[in-house]
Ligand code: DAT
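For reference, the chain that follows is the form predicted alone, supplied as structure tokens.
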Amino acid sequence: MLLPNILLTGTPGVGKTTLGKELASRSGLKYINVGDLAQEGQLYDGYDEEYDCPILDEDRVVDELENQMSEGGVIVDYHGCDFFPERWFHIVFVLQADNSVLYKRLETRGYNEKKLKDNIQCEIFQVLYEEALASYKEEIVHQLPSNKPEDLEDNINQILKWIEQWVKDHSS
């Protein structure tokens, strides 16, 4: 059976991982957190002192994912999206959170002041939504609110309905 590939993107702290894991367990699709994948395979190209984090080697990540993506049925979770091949995804969801909600979530993670401020600004200016629109066809890019537990449940149900319809439309 043909299954769709889904991209979950958005500023760190908006709930991509929570949504992705829950969606995978309910849909049977495979969940891949790009940050975890990079850590496991050491898919890095240096270290960013300013943000105190490794720099992702995007080409190696794409190489690592290519086979799984061509098989289909994958949920990819990452805060960037402009380096993935456009052909990989059937739908892109950009999760968004209110600044006050996001600030608390990132503060809990122990982000330094610069990282906090930059990520909040990223959310205010909808940087990742704009990046998604620039990288994929507009009709497959959708924004989802991610502020409270009810949003999570609504988003899961909405995406499960979409998957079901996609499967129906693509079965011969």
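Since the model is a prediction, treat every value here as computed from it, not as a measurement. Residue positions are given as counts along the sequence shown, with the first one as 1.
Omitted from view is the form predicted in complex with 2'-deoxyadenosine-5'-diphosphate (DAT), to which the following refers.
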item	value
The unique member of 105, 142, 30, 26 whose heavy atoms fall within 4.5 Å of 2'-deoxyadenosine-5'-diphosphate (DAT) in the predicted complex	105
Region of this chain that lies against 2'-deoxyadenosine-5'-diphosphate (DAT) in the predicted complex, out of 56 to 64, 113 to 121, 143 to 151, 42 to 50 [heavy atom, 4.5 Å]	143 to 151
Heavy atom of residue 17 within 4.5 Å of 2'-deoxyadenosine-5'-diphosphate (DAT) in the predicted complex	yes
Residue 109, heavy atom within 4.5 angstroms of 2'-deoxyadenosine-5'-diphosphate (DAT) in the predicted complex	yes
